[in-house]
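In the form predicted on its own, a lone chain appears below as structure tokens.
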Amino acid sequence: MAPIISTKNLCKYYGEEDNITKAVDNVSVKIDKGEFVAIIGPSGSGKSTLMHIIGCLDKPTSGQYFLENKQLAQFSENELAKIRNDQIGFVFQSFNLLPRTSAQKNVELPLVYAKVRAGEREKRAQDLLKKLGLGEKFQSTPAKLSGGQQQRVAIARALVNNPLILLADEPTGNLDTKASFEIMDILKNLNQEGITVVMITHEVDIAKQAKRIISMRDGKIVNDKKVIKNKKNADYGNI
């Protein structure tokens, strides 16, 4: 079976001539359907740039990126936008919710772009909010929700189009410890249901809750290991 995500010699460079920054430098990686992968590294390691390419938010300078065995280099901007809306769910550190819009309407937004009828939008949004413990918060705006609740709304929005992949960029970065672990429990449960999760984080304790950790530094992958569960002093590699 072909991996759901595959890159070959992927590079993303910024600048010109003697002032080139190699944000992603010759990265080849495969992620199978149903994996839960954490990409970890210090600031400037290239992890967020790699996620932006995987999420079709940016294009590589060179190399190849395959999503479900389809090379995306020749896709038009409209085709990439459709892939982002239909096949990839995004969760961000800053939640990115519309501030004056209810939780339900925030979740419905991708369905509006997908031209789903109003009744179906409402049902799908409410079902997801209930699943994530926000059954009493349909009409609440972000200002009336805690950080953890806002991130749950963001996760519901990311899931509403039944994506192939959930990309989470520092999903616990703005949360306290309790809310962070609640969000991680949600991501783990979604992964157990079959959703492929790729998460960016700089927090080792958060990364260890994934099933695989890819470590980056200076634009390169420096370690790629499965997480060893239920073992004291497990070797997680150089993370």
Partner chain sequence: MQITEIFKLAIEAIRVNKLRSVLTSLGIIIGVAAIILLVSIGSGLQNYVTSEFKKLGANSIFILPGKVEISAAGTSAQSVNKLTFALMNKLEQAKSPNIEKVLPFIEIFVTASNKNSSKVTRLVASYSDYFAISGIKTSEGRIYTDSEEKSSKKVAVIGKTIAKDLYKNQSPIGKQISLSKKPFTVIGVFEPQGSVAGVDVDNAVIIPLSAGRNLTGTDLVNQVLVRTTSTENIQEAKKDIEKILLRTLSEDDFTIMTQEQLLSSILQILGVLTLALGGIAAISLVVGGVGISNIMLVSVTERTREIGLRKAVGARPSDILIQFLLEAVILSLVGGAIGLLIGATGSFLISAYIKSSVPLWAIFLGVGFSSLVGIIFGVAPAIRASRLDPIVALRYE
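Numbering follows the first chain given and starts at 1. Treat the numbers as computed from the prediction; the structure is a model and nothing was measured.
In what follows, reference is made to the form predicted in complex with the partner chain, a form of this protein that is not presented.
Asks: Please name which of the stretches 84-92, 125-133, 67-75, 142-150 has residues with heavy atoms lying within 4.5 Å of the partner chain in the predicted complex.
Replies: Among the candidates, contact is made by 84-92.
Asks: Tell me, which of 209, 201, 180, 48 has a heavy atom within 4.5 angstroms of the partner chain in the predicted complex?
Replies: Residue within 4.5 Å of the partner: 48.
Asks: Assess the spot marked by 173, 188 and 228: is the partner chain within 4.5 Å of a heavy atom from every one of these residues in the predicted complex?
Replies: Not a single residue of the candidate spot has a heavy atom within 4.5 Å of the partner chain in the predicted complex.
Asks: With the partner left out here, check for me: in the predicted complex, does some heavy atom of residue 138 sit within 4.5 Å of the partner chain?
Replies: Result no; residue 138 lies far from the partner chain in the predicted complex.
Asks: Does the partner chain come within 4.5 Å of any heavy atom of residue 29 in the predicted complex?
Replies: Output for residue 29 is no: heavy atoms all beyond 4.5 Å of the partner chain.
Asks: Check whether residue 110 has any heavy atom within 4.5 Å of a heavy atom of the partner chain in the predicted complex, and answer yes or no.
Replies: Residue 110 belongs to the contact set for the partner chain.
Asks: Give a yes or no for residue 35: in the predicted complex, does one of its heavy atoms lie within 4.5 Å of a heavy atom belonging to the partner chain?
Replies: So residue 35 does not count as contacting the partner chain.
Asks: Considering only 47-61, what residues come within 4.5 Å of the partner chain in the predicted complex, judged by heavy atoms?
Replies: In sequence order, 48, 49, 52, 57, 58 come within 4.5 Å of the partner.
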